[in-house]
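Shown next as structure tokens: one chain only, the form predicted alone.
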């Protein structure tokens, strides 16, 4: 059987007759969060029975949830073949009263989603790749994460969320399914999440960055840079041997960017590794001429890691230097420090508990 979430609305319209039924099915699933064909009451009974014989809807089963004191939630999902993936809900702004408009301001959320079971990249600071790569997620398994999280948190279908392809896996190593998911998310009869609210984060697969750029999906690009020289980056990210910093910068310069947006460079700050003023100076020089934004991230410690969280004063000084030299820089607020926050940590813990 096939998950109906794996199909775009156009593909579904080619499968069902009359074709307008595709719109109805999409609306039931993505706007009313129904995961059973039997509940789609404006569809004829015989048609619902046919759908149930050919397709299933939700490919995920929730295994475990952890909630942080800051409101962040981490979910461990089991797929139909019993492999597991993680998804994270980050509350960005709480609901409140906007004095300027005189209206109630809606809460804002970001959902970090996985694109693979495991990962081939093998970054030294990441738990996801410790057990190697298993397989790519289908487009339906990717979109299901946002759908499931919105439903269980009662986030109305009309409430837009930001999506970051930065859970488990390397999104550009699963380019076809990720690009398909971008389109499914954006469908007006679906979740209607604009590509400009979707950020694809990559460890820097230069050739795939160019392919993504040629497809012009409208999605934003984030580069996990983490170092300013090849020697340091290669120690942190072995993929740098195949895709060095120079090749990444060249690919980024060709990438189509919305005039109102920037390419985001993620920079994981690790004590004594890449948090010096010398690194800050090199980063300014490296990104000169690129419409860029740098997001500094505190390393999130986990058991068995050789790396340490940087000092706050060093991170602040790093950010101040970048901003004072014309490079837009923000510091990501650390979330989920009191739960299994690092990618792969909740999965690894549960597997240990069940062993």
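Note that the coordinates shown come from a computational prediction; the quantities given were computed from them, not determined experimentally. Positions refer to the first chain, counted from 1.
Although it is not shown, the form predicted in complex with ligand SAH is what the next lines describe.
Chemist: Though only this chain appears here, would residue 187 touch ligand SAH in the predicted bound form if you measure heavy atom gaps against 4.5 Å?
Modeler: No.
Chemist: Quick check on residue 167: any heavy atom within 4.5 Å of ligand SAH in the predicted bound form?
Modeler: Yes - in the predicted bound form, heavy atoms of residue 167 and ligand SAH come within 4.5 Å of each other.
Chemist: Would residue 298 sit within 4.5 Å of ligand SAH in the predicted bound form, counting heavy atoms only?
Modeler: Heavy-atom contact with ligand SAH at 4.5 Å: present for residue 298.
Chemist: With a cut-off of 4.5 Å between heavy atoms, is residue 217 one of the residues that contacts ligand SAH in the predicted bound form?
Modeler: Outside the cut-off, so no.
Chemist: Taking 126, 201 and 268 as a possible spot, do all three reach ligand SAH in the predicted bound form with a heavy atom inside 4.5 Å?
Modeler: All three within 4.5 Å in the predicted bound form.
Chemist: Since exactly one of 274, 224, 240, 145 fits, which has a heavy atom within 4.5 Å of ligand SAH in the predicted bound form?
Modeler: It is 224 that has a heavy atom within 4.5 Å of the partner.
Chemist: Check each of 302, 48, 64, 293 and return the one that places a heavy atom within 4.5 angstroms of ligand SAH in the predicted bound form.
Modeler: The residue from 302, 48, 64, 293 that makes the contact is 302.
Chemist: Spot the stretch among 118-126, 154-162, 178-186, 251-259 with residues whose non-hydrogen atoms come within 4.5 Å of ligand SAH in the predicted bound form.
Modeler: After filtering at 4.5 Å, what remains is 118-126.
Chemist: If we check ligand SAH in the predicted bound form, which of the residues in 1-16 reach within 4.5 angstroms of it by a non-hydrogen atom?
Modeler: Sequence-ordered list is empty.
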